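Just one chain follows, in the form predicted alone, and it is written as structure tokens.
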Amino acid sequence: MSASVATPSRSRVFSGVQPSGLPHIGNYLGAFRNYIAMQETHDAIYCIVDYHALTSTHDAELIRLNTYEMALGLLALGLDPERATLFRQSDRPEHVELSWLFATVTPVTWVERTPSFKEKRRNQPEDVNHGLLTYPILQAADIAIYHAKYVPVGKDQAAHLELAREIVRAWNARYGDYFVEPRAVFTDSPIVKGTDGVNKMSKSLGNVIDIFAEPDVVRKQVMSMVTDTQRILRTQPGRPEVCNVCQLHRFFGADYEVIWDGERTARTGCVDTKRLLAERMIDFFASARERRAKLAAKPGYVEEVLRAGAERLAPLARESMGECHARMGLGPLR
């Protein structure tokens, strides 16, 4: 199993995704569409970040299962191991070593200010572990170790990526220019709201629309979506600009403006647009569901892809760590 080798005309892209199990619409619109598109134009490296998952999940079998499900979902959605490298973070432990080296140039105040740390501290006050604080440093190492120029992420990761740039800049200032300052690449749907219409779509909040769920489950999830809270009666005109259902129609049909006009003029109601959205989503991902079933029937296939990806990256990871050791004074006297 091979992948294209980077050339001067193919800039490197890296992104990591939490192993949260089956992908949902938020994953796809917020990042995965870019993953799949950029594998055609870039030297693409994508990672299932199981080290990061340990900051909030402490069930070993669940992490393994979720890692498998996320990798399987990515492959079913169109990620091609012949065009991109997909691997499991813990299969390249050099990431953790580099995160420690980066930690020595990162002021504590930088990581304390990240919005995600504050959010996690609120959401899991009984488990405010050190990993939650240093998560962005490991994230910076994930990206920098392969000298990635671009990072396709959701808008919620913008602060983390800016911190990664600052960490790389600080290391380069102390030890000489070596690592690349990465740039974010956002989709045209950088933040996807969940079915509650308020929060970002998230498994932990239970407000997701699952890509690979049975059609009846998808219909139920879509029908539960909060729409325009000011539109109480069917005869009232709606506001598609603030309606989450109408916003998602932009990605599942070229006629979304017609649908929006129907809402504005009250020709259609929220139930109508929900039903249509559900059927379009089911149809849109039908081929991906079929591919997932076929890939899942191949024993060991996902593991083969992840292992091959990690092995392919070994020379790059070791080269980066060797250069760090030399510049930072690690190893024997010269």
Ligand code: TRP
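As the structure is a prediction and not an experimental result, all values here were calculated from the model. Note that residue numbering follows the sequence shown and begins at 1.
The same protein also has a form predicted in complex with the ligand, omitted here; what follows describes it.
J.: Among 78-86, 168-176, 150-158, 238-246, mark the stretch whose residues have heavy atoms within 4.5 Å of the ligand in the predicted complex.
T.: The contacting stretch here is 150-158.
J.: Answer yes if any heavy atom of Pro23 is within 4.5 Å of a heavy atom of the ligand in the predicted complex; otherwise answer no.
T.: The answer is no: Pro23 has no heavy atom within 4.5 Å of the ligand.
J.: For Asp142, is any heavy atom within 4.5 Å of the ligand in the predicted complex, or not?
T.: Yes, Asp142 sits close enough to the ligand in the predicted complex that at least one of its heavy atoms falls within 4.5 Å.
J.: Is there a heavy atom of His52 lying 4.5 Å or less from a heavy atom of the ligand in the predicted complex?
T.: His52: yes, in contact with the ligand in the predicted complex.
J.: May I ask you to state whether Tyr135 is within 4.5 Å of the ligand in the predicted complex, using heavy atom distances?
T.: Because a heavy atom of Tyr135 falls inside 4.5 Å of the ligand in the predicted complex, the answer is yes.
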